[in-house]
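Shown below, as structure tokens, is a lone chain in the form predicted alone; questions about how it binds or moves come after it.
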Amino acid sequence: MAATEANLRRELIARALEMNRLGVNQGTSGNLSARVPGAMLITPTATPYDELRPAMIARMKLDGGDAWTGPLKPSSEWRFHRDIYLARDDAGAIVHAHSIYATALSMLREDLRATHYMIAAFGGPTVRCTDYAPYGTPELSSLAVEGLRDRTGVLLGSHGMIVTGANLAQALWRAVELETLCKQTWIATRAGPPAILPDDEIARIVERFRGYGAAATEAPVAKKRTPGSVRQKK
């Protein structure tokens, strides 16, 4: 095993534990992956993170169908991880979580709008919310890929969140930021309709974020699209 891959396996476990410690996820409901040449490493299904060992991380070829190597089955959500990597050259890591506020807003089937400028960390003035599809299905994968079009975060209808990053550190940072945005939006809407920042202001912030800390990255560009239907909301 190459040293880089061995390090990524250890980091996947560390980030999974950190994800739960930060309250972004509960139990084993979430999953994480990282890209390696021609393949991805992904957390296994239904295995407590504190019991994981590097050898337990599943390895799947990006062009290898549903085959994997390792002692444990990959996460049941392996399909959208694989399809996102195939569609997006800029994705080096993916975090999926059932965080409380992001999941609550996903139940409303409404896009998260620019109630705070930090939405620019996801590439535009919205984080889309998809329709519902059962977990682990091609239909959910298609919705996820389309929902992430020119974005680095998406809410899955009645399910949770997906975020991408150039690496695991950035992906987890975005997961925390998305959950924070959803919590802030939820709290604000209890008092009344929050103000929405204009699209041109968010576009300026997106540009400023290109060189700003954990947000710094190239703008997301989809290499190809997988058909899916995301409801367009005003």
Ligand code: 13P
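The numbering used is simple: start at 1 and walk along the sequence shown. Since this is a predicted model, take the numbers as computed values, not measurements.
Another form exists, predicted in complex with ligand 13P; not displayed. Remarks below refer to it.
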Per-stretch contact check against ligand 13P in the model of the complex, the hit in 182-190, 201-209, 168-176, 45-53 (non-hydrogen atom, 4.5 angstroms): 45-53
Sole residue of 99, 164, 141, 75 within 4.5 Å of ligand 13P in the model of the complex, by heavy atom: 75
4.5 Å heavy atom contact, residue 82 and ligand 13P in the model of the complex: no
Heavy atom of residue 128 within 4.5 Å of ligand 13P in the model of the complex: no
Partner contact for residue 117 in the model of the complex: ligand 13P, 4.5 angstroms, heavy atom: no
Exercise: residue 135 in contact with ligand 13P in the model of the complex, heavy atom 4.5 Å: yes
Contacts with ligand 13P in the model of the complex - residues in 149-177 whose heavy atoms fall within 4.5 Å: 159
